[in-house]
Structures are given as C-alpha cells and as structure tokens.
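Below you'll find only one chain, the form predicted on its own, shown as structure tokens.
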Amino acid sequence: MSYSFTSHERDVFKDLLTERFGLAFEEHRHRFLESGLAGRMEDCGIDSAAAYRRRIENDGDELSRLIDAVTNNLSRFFRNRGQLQAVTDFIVPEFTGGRAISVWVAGCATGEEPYSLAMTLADSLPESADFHITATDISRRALKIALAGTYSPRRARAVSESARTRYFSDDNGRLSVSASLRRRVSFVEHNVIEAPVVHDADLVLCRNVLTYLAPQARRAAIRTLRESIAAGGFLIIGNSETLPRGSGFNAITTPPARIYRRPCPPSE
C-alpha cells in the first residue's frame, strides 16, 4: 500500500511527534516522515490517516512503533573514532580520585556507541578504576537490540582484533558483547528533553541528537544535559552541533571532538 498524505494530514502527525518527543521534521525530512507513517499504516492494515490517528489514540504501543519507524537507529562500533580518542587523550586524565565514574550516553540507538565507549574507558583507565554507563533512547526497538548485545560483523568492522578477542564472543557468525562489558552498561528508555535520569555525571555523550529537535525541545534538552552533569564534568556533542551562548558550559578547543565542560563554582 502506498498512501499519499495531504500537507494537513502530515502536519497532524508532525505536530504530535514534536509535542510528545520534541522531534523536528523540517521540509527536507517530510518524505522520510511520510514513508514511516505509510509503513506503519500498511502494517496495521489501515488505509486512511484519520483511522491511523485513532489507532494511536487507542493503542498505547503504536506511538512507540511509529517512533521506531521515523527515527534513524542505525549505528556502528567506533563511529567517529576521533571523538573517542579525545576521551582517551583529554578527558580520562582529568578523572581523579577513587570514586566510580558516572557516564551517560543520550540517544544510544542500538547500543554500539555506549559499548564502544565502555571499551575505550576500560582500555584507557587504570585497571583499578570503576565506571558505569547509563545509555538511553526513546526507541524501545533500538533498546531491545542494545540489551541483546549481538551484532553483525559488518557493524563491528572498526573493532580491532584485540578488542574482538577481549570483548566479544562468536554467536553463530554474529558478535556477542561479553558479560564483563555488559555489566558496565545499563539501558533505559528516556527522552533527553525530560528530567535527567543521571545526576552528577562525569561525562555525557549526546552526539547528533540536538540537531533533530525542535528549538524549544533543544533548549529543554540542553537544560537536562546541564542538570545531569557534575561541576567540572564533560559533555561531547556531534561535531556539526554547537551549544548557544548562555548554555552553562565552557567550550574546549580540541580538533577531534566538540567538547564542553560544566564549570566548577568559584569556591571550588
């Protein structure tokens, strides 16, 4: 089935997704939105936009299925390795003291990013150091894949042979994340525009999430990020993203990554 949306029908769903999740669908993404909507309508056996809107109202899980259809959850291990190298070179030396390091990965998709960060930290921190990563996303389907922790070798082409040996096992031709690495990462359904699920984080990764949010939702997300990070903690966003003046962060100049730091109070 191929459904042709009127601009009004499309905008009804666009406004719903903006209101509920803060997602922005600019004109260049209208076709992507309509494709996802049409796919869900076909799966539901529904042939009108009005009927599908009623399905969403009456089926609490359908909105989650629609989110899966209209968000891009494709990822791979060690995507943008330069940013992870910046964690090793610049941020890890700043971690001092004996307490456990708290990390939040917002918009974790299918889990490759937090697992890559876990490998990076495990390899670069002192052996005695403890850390834990809380990884969040709005897509239940993506989180289910992340929790399973089993991936095609194609997704792991950037993983070194040494890391494969230490952090993965073979599962009928697929790669399964080791139990030791899984213990380092927890997955939680959460929208970055909502109240923080992590507090006093030492490091937050929120890469290429802000760019998909409507302006008001973006401001809410930046506020959430600021509230989640401890004084002196670090934030890494996508290399094509920037924080506005007055966001409560200090920018740090380092070529491989766009890093911000929440300043410590003057007394500290």
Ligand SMILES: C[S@@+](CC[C@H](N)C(=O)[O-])C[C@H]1O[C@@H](n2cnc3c(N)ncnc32)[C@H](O)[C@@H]1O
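The structure displayed is predicted, hence computed values, not measured ones. The numbering used is simple: start at 1 and walk along the sequence shown.
Only in words, not in the display: the form predicted in complex with this ligand, which the text now covers.
S.K.: Which single stretch, out of 56-64, 226-234, 205-213, 25-33, brings residue heavy atoms within 4.5 Å of this ligand in the predicted complex?
M.R.: Contact criterion met by 205-213 only.
S.K.: Within 4.5 Å, heavy atoms only: does residue 102 come near this ligand in the predicted complex?
M.R.: Outside the cut-off, so no.
S.K.: Quick check on residue 152: any heavy atom within 4.5 Å of this ligand in the predicted complex?
M.R.: Close contact is absent here: in the predicted complex, residue 152 is far from this ligand, nothing within 4.5 Å, heavy atoms only.
S.K.: Considering non-hydrogen atoms and a 4.5 Å limit, does this ligand approach residue 192 in the predicted complex?
M.R.: Yes.
S.K.: Given that the partner is absent here, does residue 166 sit within 4.5 Å of this ligand in the predicted complex, heavy atoms only?
M.R.: The answer is no: residue 166 has no heavy atom within 4.5 Å of this ligand.
S.K.: Considering 79, 174, 182, 132, which brings a non-hydrogen atom within 4.5 Å of this ligand in the predicted complex?
M.R.: Residue within 4.5 Å of the partner: 79.
S.K.: Under a 4.5 angstroms heavy atom criterion, identify the one residue in 91, 118, 156, 109 near this ligand in the predicted complex.
M.R.: In short, 109.
S.K.: Do any residues of 71-93 have a non-hydrogen atom within 4.5 angstroms of this ligand in the predicted complex? If so, which ones, in sequence order?
M.R.: The stretch touches the partner through 71, 72, 73, 74, 75, 76, 79.
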